[in-house]
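Okay, so here's just one chain, in structure tokens, the form predicted alone.
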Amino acid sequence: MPLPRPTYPAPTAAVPALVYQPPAGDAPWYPPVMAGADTLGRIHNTDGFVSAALAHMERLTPDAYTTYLGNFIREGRARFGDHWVYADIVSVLLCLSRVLKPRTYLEIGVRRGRSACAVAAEAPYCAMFLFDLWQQGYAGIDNPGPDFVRGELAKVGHRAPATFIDGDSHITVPDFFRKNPTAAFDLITVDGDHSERGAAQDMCDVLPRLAVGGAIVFDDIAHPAHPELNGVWKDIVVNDDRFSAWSFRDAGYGVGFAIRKY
């Protein structure tokens, strides 16, 4: 059975930080987005966002995974210095949030809030809509729930509303958009259901609501336990001309992001 495909209505929102507005009376010859994934990928790789991700994790409550990840990053830097190329969901979100200055953020798969806190650290006034099933023991790590995540967001200085929507994203996300038919987002992360069809459905549910100039982030595209996720990423985003995409699969679990061009 083929994977689901998103249906795109005409976009209703744009991200000012990435969109060019020609002077009054000038024709808009180009699509409006001035910088795509190549530019933002270069910013990520040259402006210290891996070091920033390490510092970010040290501000939050540790767990077994972040302890391991911190040691991994320190060792990579020690062995390879400035030549080391690495990315993960936190370093990417720190970079995107600094450049895009998102006003609205949607996340599927919150768990302990590490990703949401990366956005909040760079965009403290960004309104957040956070979807999770709060499955206990997910990936061998405690999933402590919204109150814990609120505390983590406070640690990084988040000052805008954070709305938590609990339950199965395949039910709660479509329901949210039915109730909010004009909602659009500057930045979206999909890191929930890791089955092929489930991940594809999450992507199809949110991509039509991504603003022009906004970014979609998709995690684990090199995860050895979930090789199908890279196929979902390629099929739904990389191969779609609406998006300018960047992927990292060299080390760790991999991550991809894409900018919506039109």
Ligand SMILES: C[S@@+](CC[C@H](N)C(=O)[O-])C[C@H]1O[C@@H](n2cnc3c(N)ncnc32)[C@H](O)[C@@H]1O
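Residue indices: 1-based, along the sequence shown. Predicted, not measured: the structure shown is a model, and the values here were computed from it.
Although it is not shown, the form predicted together with this ligand is what the next lines describe.
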property	result
Interface membership of W134, this ligand in the predicted bound form, 4.5 Å heavy atom rule	yes
S169 within 4.5 Å of this ligand in the predicted bound form, heavy atoms	yes
Partner proximity in the predicted bound form: T163 to this ligand, non-hydrogen atom cutoff 4.5 Å	no
Proximity of H56 to this ligand in the predicted bound form, heavy atoms at 4.5 Å	no
Among 155-163, 71-79, 110-118, 178-186, the region lying within 4.5 Å of this ligand in the predicted bound form by heavy atom distance	110-118
Contact assignment for this ligand in the predicted bound form, among I89, L106, C95, A123, heavy atom within 4.5 Å	I89
Residues of stretch 45-73 in contact with this ligand in the predicted bound form (4.5 Å, non-hydrogen atom)	none
